[in-house]
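Only one chain is shown below, in structure tokens, and it's the form predicted on its own.
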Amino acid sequence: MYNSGMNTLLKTRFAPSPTGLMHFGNLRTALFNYLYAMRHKGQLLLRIEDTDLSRSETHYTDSILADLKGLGIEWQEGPYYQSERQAIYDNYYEILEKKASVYPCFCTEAQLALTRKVQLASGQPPRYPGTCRQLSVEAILSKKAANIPFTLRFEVSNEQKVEFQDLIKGEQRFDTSHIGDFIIRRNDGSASFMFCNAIDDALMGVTHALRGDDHLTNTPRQILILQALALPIPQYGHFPTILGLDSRPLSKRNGSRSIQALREEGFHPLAILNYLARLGHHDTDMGLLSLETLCEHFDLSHISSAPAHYDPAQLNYWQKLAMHQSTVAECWQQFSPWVKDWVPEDKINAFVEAIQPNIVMPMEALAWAQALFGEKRVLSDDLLKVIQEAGVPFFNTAIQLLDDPTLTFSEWMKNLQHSTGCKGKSLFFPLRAALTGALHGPELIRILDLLGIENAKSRLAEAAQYAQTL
């Protein structure tokens, strides 16, 4: 059952439309509502706003649910589907019709577009001029009999003020003369966002509606609807928009990424959560925090009044922290989709421990798995040059020293340095080039452990051949 709105349980909501994949803006809204609810021992309600049947698709709903679950954002109520609630909306339309708070509008899109164009040209804000408000009963019945499509508009008095205390932006005041009569039912009979969003918040006991400030101008309209129906009005809070790399609202065109794509690429859930929790919200603790700790730290007073800027470098920073602070088991879970067919089962822990400090994205583990456990390697010209400069005696000496099983790794390196006179890069680079096919990477002692002595000797001998033939 829905809460009546009369209790004191704090309840936020996330109400996405399943018309596309979830992106940063959607997820931040979900996260902020979750953090606020958990911070105050409340509940998060999930509502799928799918009244636009022509654009809503089931696989987008499935993706939204998977994204939330994959990040650990759990809802305590729902999901509810607005497409199943049309009878409820119809009931409230009837109530408003009986109160004479609404009227049918037969204006076409072409007529409305022309009106907006004229208003803008004369420097006026575009709003509906009330063309159909004064239609007689006879005229309305005649148009309906002729099957002329019509919407339902909410009538707004020109002499009202709508005031509310925004939880983020502070006191807000709107003059209804600037709002105009607005549509609450489409010409196909479905409920508009403006209407069903407000009705459901009231009926479902939502106490706090936190959303982006692109919805700020919707709020006075929704308050007017709820006032007309004597329904509970939630407290509203509007946080600033996220801007893209070009300082325009974030979209796919200027850097936004779908959460599904991030998950498929292997971004760590904590990396995404820590990044978004600080995108427009200040936290003095700059360490990688658990979801529970992010809840404890969340405070609406810490939300910036300025727009937040998406920065992929910052996302990668949190990804690096998350990967480096993960347990071996957690890392392997991230790596395994890419490397499970390459890494021997008895080498899994050693492999993860070796490469973890060098990995930012899980897919990078594949290159190391192929370098360490693959049979064929292609060395770049830069690597061949390093091998040539080291020379055949360098690699032969390294092989001979490996024949002594009593030598520790540090003793092997010390003896190799003493015998060849090489040190620093001239010592390490040839060994790395020969053993891994790279000049940087995991510690050499871990590389030897993974390769095994015989395999390591084979690779050093191969490098000696390269050095001889170059």
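In case it trips you up, residue 1 is the first one in the sequence shown, and so on. The model shown is predicted, which means the values in this text are computed figures rather than measured ones.
Separately, the form predicted together with glutamic acid exists; it is not shown, and the next lines address it.
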query: In the predicted bound form, the residue from Gln319, Thr151, Gln334, Asn197 that sits within 4.5 Å of glutamic acid by heavy atoms; finding: Asn197
query: Residue among Arg221, Arg185, Arg211, His208 with a heavy atom within 4.5 Å of glutamic acid in the predicted bound form; finding: Arg211
query: Contact of Ile447 with glutamic acid in the predicted bound form (heavy atom, 4.5 Å); finding: no
query: is_contact(Lys143, glutamic acid) in the predicted bound form, heavy atom dist at most 4.5 Å; finding: no
query: Partner contact for His215 in the predicted bound form: glutamic acid, 4.5 angstroms, heavy atom; finding: yes
query: 4.5 Å heavy atom contact, Phe193 and glutamic acid in the predicted bound form; finding: yes
query: Partner contacts in the predicted bound form for 427-442 (non-hydrogen atom within 4.5 angstroms of glutamic acid); finding: none
